[in-house]
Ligand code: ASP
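Let's start with one chain on its own, the form predicted on its own, as structure tokens.
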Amino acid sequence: MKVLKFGGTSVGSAENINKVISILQQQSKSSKIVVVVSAVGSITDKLIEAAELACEKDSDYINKYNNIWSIHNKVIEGLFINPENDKEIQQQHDLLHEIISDKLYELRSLLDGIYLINELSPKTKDKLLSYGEYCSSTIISHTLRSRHIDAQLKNSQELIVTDSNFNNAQVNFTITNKNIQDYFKNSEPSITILPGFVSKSGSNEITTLGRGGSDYTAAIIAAAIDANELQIWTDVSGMFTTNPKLVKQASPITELSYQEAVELSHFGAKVLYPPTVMPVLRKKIPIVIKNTMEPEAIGTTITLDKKPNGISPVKGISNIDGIALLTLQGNGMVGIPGFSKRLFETLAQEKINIILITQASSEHSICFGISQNDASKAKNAIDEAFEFEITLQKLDPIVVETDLSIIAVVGDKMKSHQGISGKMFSTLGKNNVNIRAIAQGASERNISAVIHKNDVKKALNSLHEQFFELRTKQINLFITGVGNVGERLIEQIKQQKSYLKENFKINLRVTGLSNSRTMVVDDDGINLKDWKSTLANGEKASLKGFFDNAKKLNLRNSVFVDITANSDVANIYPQYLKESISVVACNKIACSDNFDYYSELKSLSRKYNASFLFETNVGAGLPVIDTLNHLITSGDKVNNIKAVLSGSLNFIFNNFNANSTFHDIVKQAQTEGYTEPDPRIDLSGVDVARKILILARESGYKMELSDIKSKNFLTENAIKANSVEDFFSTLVDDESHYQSLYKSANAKNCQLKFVAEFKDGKAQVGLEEIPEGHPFYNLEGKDNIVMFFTERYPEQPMIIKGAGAGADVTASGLFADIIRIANN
């Protein structure tokens, strides 16, 4: 014999009840089945709402009652479509309608009584709540009979006997088991329907079994009749690896042990309640959790022993919200027996359940987690109980922290696998999830941590990724500045997304996009096929709004990508880093600003475990900074850096000669995108000065931009030009000056290159005549070149050479920094 329990969602509508009936028909072909049903979905809550309104003398309870009546009537009419076409069905319909009407009239009288006496006692509440299960079980049993299915309704109150602890009655198993066994010994129908949750006391008063009562009813009956299996039918396909509402990658767990199921259900997996397991655990009866909406799905099987999956001992990650953490501490506790006993007795007297306990080995403090709803009551009771010790300053007043949650990693065999707790806490730490308390039993079946409620989603996703997703790491990108380079970066991400996921287990998601006009942020990721239209229809852009959205989402592995040249954007980096959001910057302003700000960003990066990468600040996509960092990290010391760091200036001087004008070449460079819209930024040498400054700082030297000597080759007229148009006019007027520069170099068989150099703690930038044979001489197009002279490379430098400008290579440099973070 099997016992099947169907929850409120499963019997929440005529459509769902028809699915239940199909399941019952299929299963009753092979054996007799006992079916326990909850109240129609949401009815229990509506009964409580109506009673509370009545108790408060609020006549709106009548509207709530009418809604309850309407829901049941709608279910009945949905199950008996056109009953007048069949006389027998019409009789069942009319009889059912009469029974439910009579029962709901009783309910109305009870609510009227609550309204009159202005009181809702626990005893009355149990009687009130019993109507839900009675109505649903009656509706289903009559529907089965109307369809000529061999079914019988039995009232659970005639079988399950309890004490008089209303709202959470304790079962008298001696009497209850005998009642159940005697009844089913002589039961003939293939299907027996029983209401869940309800029972009666020894004095024949209606009681209820408390939270998860319908599951408990089913477990009690299954244990009493030694059922082959207990099936819990709900609206999800079993117990999941974690909360699927918060973690989209969560998947059903096919097999669990009883102990694992108890741990997961205790810590928030609401598919199953811990008391449910106990009666069947003693009898070693398997529990199967199935989905009424998808009966073909495998679901979760819970047994005494489960087969090892060979992948990970962690079976699930769960959480409890609404937690308060209370800490009792003081020097007067050390070495004095009895403090714990007094503390826990005080809480027990107040009927406060302790969810988590941890105590320092020094005995200086005891920390415990309880429901936040009980926090105030607990504090008052404890402060009163220990008033004498607190007055003598042997103890501190109890400290209460609220707005917390507990997350728990659960698995039977975690004890025999090294590093589970290490992986758990390092994963949380990398994502800046602060842990307030830790609890771990000697069995290591459960490792629990208390965190802030705002970090739960990030914590669950991070841990699930670590333990269940074959090490696939999701990176959430917030990109600001989607112009030419930004567009190329998005295209590269779109192109490589599948390749990275398949070959490197990196899942790149663009979660936020912003330009100077609009911005858009999407928790599910932005579809890159039509990102331009999505961004165009976004909300008004705001640096603060973009940051606030990223902070609010609080996603794991978040990266802010700055592809602007905006100082306001550069100034917001600290806010991202403090939220453990990594920063990838194409923008050179932050790293070439005052040294203190540069140092602060580096410090915040280390403190909050958030990467701060800016490879594209120097050499676009060339691995200049990365190579330099490897040299320094390995113990090498930089003595001299000599470089051509401006692709735009290199393009200009490679194309400028006696047969062209300086004006035309600069104009060409501007048109082809090699210079900024204002070419003065490039030609003034400030951009190159910023780059050599960054390299000097990365080499370990403290230096400011003002320390860099600049030898300007522009004329005074060009420097003083008030606009870009005026600047170009000066180039025409002063052509002879620029021709003289070219002729001087040409006469010596030299090439003009704008060179940056750092040596002996000093730096300079300026136009130089490079002789034939020098590594810079044949530098073509927009290429950059950097030479590192170090203690290991004193004479023959390490040389990095390649394209140092252009949207594609700059985007690839940004992409490389993002991948570095993903691999961190």
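Here the rigid core means the biggest group of C-alpha atoms that line up within 1.5 Å when the two forms are laid on top of each other. If you're wondering where the values come from, they're calculated on a predicted model, not measured in any experiment. In case it trips you up, residue 1 is the first one in the sequence shown, and so on.
Same protein, other form: the form predicted in complex with the named molecule, not shown, and the subject of what follows.
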item	value
Any non-hydrogen atom of G322 within 4.5 angstroms of the named molecule in the model of the complex	no
Residue contact check: N784 to the named molecule in the model of the complex, 4.5 Å heavy atom	no
The named molecule contact in the model of the complex: G212, any heavy atom under 4.5 Å	yes
Proximity of V35 to the named molecule in the model of the complex, heavy atoms at 4.5 Å	no
Stretch from 776 to 784, 51 to 59, 37 to 45, 65 to 73 whose residues place a heavy atom within 4.5 Å of the named molecule in the model of the complex	37 to 45
Residues within stretch 114 to 134 having a non-hydrogen atom within 4.5 Å of the named molecule in the model of the complex	E133
C-alpha of Q249 moved at least 2 Å between this form and the one not shown on rigid core	no
Rigid core superposed: V755 CA moves 2 Å or more between this form and the one not shown	no
Cα displacement of N784 between this form and the one not shown reaching 2 Å, rigid core superposed	no
